[in-house]
Ligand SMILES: Cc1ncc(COP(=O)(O)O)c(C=O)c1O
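Just the one chain here, the form predicted alone, laid out as structure tokens.
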């Protein structure tokens, strides 16, 4: 434990090595080695090998729909967009990781940026409805922070206007709402198996759907070579998952529930420690949501807390805690979209406000309950010494 003085005020940093955001759950080395020994014995490294086939089978059972594995979540979105035949314009939140919108642009689709609900951090039927025009062919809904919101009204809106609904569920593996899986929202859901996610393939993605025709399209589009299906598709791409990715993901899948429980203990510790601090608003799941708790996200009201989000971030970084601003700025303010679509400037007030206030703390395999206690203590100290921190930051170049 460090001294009772923040590092930014001259104390010793809490951590000598950076503590990063991200799940980073890994299996025991012996199991990892055995899995990869098998890959090398078989000399079957890619092109729908036995481990990819097994992973797709296991995921289909876990998600209760057809699961097709791809190289990563971004390619998953790109393939899903083509499989749904989307064109023209698609409504999408700006409060998301840039890859969500970049997938649209790669597919030749113009994003229609939509503001989010301030409490759920997701787009709502109320915000979507005024944006629907004859050129809009779909809605790209994004679930954030490892949970789900109620999408009933959005699904009804999409159906009434004959719009396709694609679900960016890259944060939401193993999450459900009212006992309904995150894979069952909309026409297609896409998950990420990046090392920072609760299901870890080191890298990878899943396209999940209950529509057999769409599943055939996905299997054909994801592969330049021979595939299990030969659906008529507009184009194809190399988005195959490797055996190495599948081997890691299979080991991870057996531990998902256990890792969610570990996340929950850390999340609850953060919540207990931080919930009473003035100016902190913790993102909470809806009571009907069962989340994976892979993110601890909260907002900072600088008037009540005493520091801005960015000032607190500087404090934590000086302690060796690599907390992150999610998301900052919104995609509509990023290049090239700020130039291509200037009409969205200052039209997404909830998005702009959240981009200035939200912060994500480390949670997952690299952390413990003690970690959550130590980080919470530092945040409380930053609040208590806010005037000193402000003065110190003002003097820094």
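Note that the coordinates shown come from a computational prediction; the quantities given were computed from them, not determined experimentally. Positions refer to the first chain, counted from 1.
Separately, the form predicted in complex with this ligand exists; it is not shown, and the next lines address it.
> Can you check 273-281, 168-176, 252-260, 300-308 and let me know which stretch has heavy atoms within 4.5 Å of this ligand in the predicted bound form?
One stretch meets the cut-off, namely 168-176.
> Considering this ligand in the predicted bound form, which of 182, 96, 266, 245 comes within 4.5 Å of it through any heavy atom?
It is 96.
> Note which of 121, 82, 197, 219 lies within 4.5 Å of this ligand in the predicted bound form, where distance is taken over heavy atoms; exactly one does.
So the residue touching this ligand in the predicted bound form, by this definition, is 197.
> Is residue 207 close enough to this ligand in the predicted bound form to count, meaning some heavy atom within 4.5 Å?
No, residue 207 sits far enough from this ligand in the predicted bound form that none of its heavy atoms falls within 4.5 Å.
> State yes or no: in the predicted bound form, is some non-hydrogen atom of residue 238 no more than 4.5 angstroms from a non-hydrogen atom of this ligand?
Taking the distances in the predicted bound form, the answer for residue 238 is yes, it comes within 4.5 Å of this ligand.
> Verify the contact flag for residue 77: yes if a non-hydrogen atom of it lies within 4.5 Å of a non-hydrogen atom of this ligand in the predicted bound form, no if not.
Although this ligand is absent here, residue 77 would touch it in the predicted bound form, with heavy atoms inside 4.5 Å.
> Please determine whether residue 318 contacts this ligand in the predicted bound form, using a 4.5 Å cut-off between heavy atoms.
Because no heavy atom of residue 318 falls inside 4.5 Å of this ligand in the predicted bound form, the answer is no.
> With the partner left out here, which residues of 49-75 have a non-hydrogen atom within 4.5 Å of this ligand in the predicted bound form?
Going through 49-75 in order - heavy atoms within 4.5 Å of this ligand in the predicted bound form - the hits are 72, 73, 74.
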